[in-house]
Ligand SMILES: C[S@@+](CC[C@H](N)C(=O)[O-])C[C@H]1O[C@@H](n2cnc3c(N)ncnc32)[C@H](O)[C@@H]1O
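Taking the form predicted alone, here's one chain by itself in structure tokens.
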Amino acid sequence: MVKTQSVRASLDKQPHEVASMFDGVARRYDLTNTVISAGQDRYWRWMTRKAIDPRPGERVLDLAAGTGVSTVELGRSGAWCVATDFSQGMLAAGRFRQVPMVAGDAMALPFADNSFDAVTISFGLRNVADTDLALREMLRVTKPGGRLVICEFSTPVIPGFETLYMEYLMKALPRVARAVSSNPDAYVYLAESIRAWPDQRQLGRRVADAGWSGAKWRNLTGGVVALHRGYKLGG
């Protein structure tokens, strides 16, 4: 049995560190996500697709798509959906899914201006070194009138729940990851990055400041996750 080298990124999110870390979790990434979220990952993907509302004939960019499981969900609509990620290991682990895959960095997307009717990123914006640059890049490749949906961990809004949630993140989640993940140290980074991430209102401001119009959000699972939305003026 080949043992995978343990790799963990730091919170300054150097791209080569983050890519290497996700290469290390690729083999059991989807299984680990389902286990640590108690199956909520499927609900979050479904709600993301509903928020994007992709239509037949549209072009949709699924950014930080990992193994493409989210791209498959989006493709059920009949839209043409491309999975993009900067982890070659993640893309390789999802090749069997038969969806278009392109290696690419969220801070320098390998697509022309005004290419997509919709752009989405699920649980990936938090891992980008320059969030604001990534938001501007997503705006650049979106057609006028096109839309953005961000699905990301956020700040629980139920009184008393945030303390329990942080206890789970910092103590229980790494233990669960050791049992199921191919790179459990990555989930220590996961917990730390969630704790350091802006809350709903702060991220909403950053979306608007990057040039997206109509920025708003919706809480899922009591604010454990939030869907942020916006659109590109014009069209």
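All of these numbers come straight from a predicted model, not from anything done at the bench. Each residue number is its position in the shown sequence, starting from 1.
The form predicted in complex with this ligand exists for this protein as well; it is not shown, and the discussion that follows is about that form.
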With the cut-off set at 4.5 Å between non-hydrogen atoms, does E162 touch this ligand in the predicted complex? no
Does this ligand get within 4.5 angstroms of any non-hydrogen atom of V72 in the predicted complex? no
Under a 4.5 Å heavy atom criterion, is G146 part of the interface with this ligand in the predicted complex? no
Using a 4.5 Å heavy atom cut-off, state whether T142 contacts this ligand in the predicted complex. no
With the distance limit set at 4.5 angstroms and only heavy atoms considered, check whether A65, F86 and G104 all reach this ligand in the predicted complex. yes
Go through 154-162, 111-119, 86-94, 73-81 and give me the stretch that gets within 4.5 Å of this ligand in the predicted complex, heavy atoms only. 86-94
Could you pull out the residues of 110-125 that have any heavy atom within 4.5 Å of this ligand in the predicted complex? S122, F123, G124
